[in-house]
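Before any questions on binding or motion, here is one chain by itself as C-alpha cells, the form predicted on its own.
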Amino acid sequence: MEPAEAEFLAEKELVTIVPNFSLDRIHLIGGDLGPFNPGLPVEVPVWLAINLKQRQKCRLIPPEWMDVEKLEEIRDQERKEDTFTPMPSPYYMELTKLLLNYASDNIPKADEIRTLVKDTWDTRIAKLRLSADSFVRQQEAHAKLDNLTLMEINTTGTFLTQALNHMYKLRTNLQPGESAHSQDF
C-alpha cells in the first residue's frame, strides 16, 4: 500500500467544522452530512473539511488530541514504554499532515504540534526498526504488532517482508531438501 492510499483512508475520518454558510442535509453514498448553519459546529469527513476550508466556507476545529499538552504526554509516554502505546487516532500522522497543510491558521501552535507529532513518529519508527532487527536476529516465526498504525506498518512492511523472504531462501538452501540432488555421481 502506498502512503497516498493510507492518506485517502484517513480522509474519511470525521472532524468538526464551523461553516459560514447555510445548506440543508447532504445525502451521499457514505451517509448524510449536515445540516450546515453558520456558526454551528458540524462533523464532516476530512476531505470535505479541506475542500470547504480551501473555498473559505468554514473554520476547522482541530481534533481534541491535536493539542500541545496532550501530544507532549503522548510523546513522553511513547519514549518511556518499550512497547507501542495506543495513538489518539489510527491516522494521527496523516491527519496532522493534512490539517496542518490546509488549515494551519485554524490550529493553535501548529509548528509545535508538527514537531511533537514528528518526534512521536520518529520514536515509534525507531522502536519498529529495533523490533524488526530483534525479530530477524532471533529467527522468529511471527510477531505481534499491537498499537501500530497503517502508515507505520506500511513504512517498514516492504523491507521486513523482503528480509523475511531472503531469510527463508537462505534457510531452505542450507537445509538439504527431499528433492535435493547430490553432486556425487
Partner chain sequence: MSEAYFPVGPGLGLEENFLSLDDILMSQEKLPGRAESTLPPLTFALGQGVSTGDSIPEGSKLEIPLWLAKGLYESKRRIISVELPKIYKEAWRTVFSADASVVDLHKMGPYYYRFGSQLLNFDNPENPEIAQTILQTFISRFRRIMDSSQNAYNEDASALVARLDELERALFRAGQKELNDFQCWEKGQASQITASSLVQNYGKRKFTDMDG
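Keep in mind that what you see is a predicted model, and the values were worked out from it rather than measured. Positions refer to the first chain, counted from 1.
There is another form of this protein, the form predicted in complex with the partner chain, and it is not shown here; the text below is about that form.
Shown alone here, residue 151 lies within 4.5 Å of the partner chain in the predicted bound form, counting heavy atoms only. Of the heavy atoms in residue 69, none are within 4.5 Å of the partner chain in the predicted bound form. For the chain shown alone, residue 155 is a contact residue for the partner chain in the predicted bound form, at least one non-hydrogen atom being within 4.5 angstroms.
Taking non-hydrogen atoms only, residue 173 approaches the partner chain to within 4.5 angstroms in the predicted bound form. With the partner omitted from this view, the residue of 42, 160, 48, 61 that lies near the partner chain in the predicted bound form is 160 [heavy atom within 4.5 Å]. Relative to the partner chain in the predicted bound form, residues 133, 137 and 167 are all within 4.5 Å by at least one heavy atom.
The stretch from 125-133, 29-37, 142-150, 53-61 that comes within 4.5 Å of the partner chain in the predicted bound form, counting heavy atoms only, is 125-133. Contacts to the partner chain in the predicted bound form (heavy atom within 4.5 Å) from stretch 79-111: 93, 94, 97.
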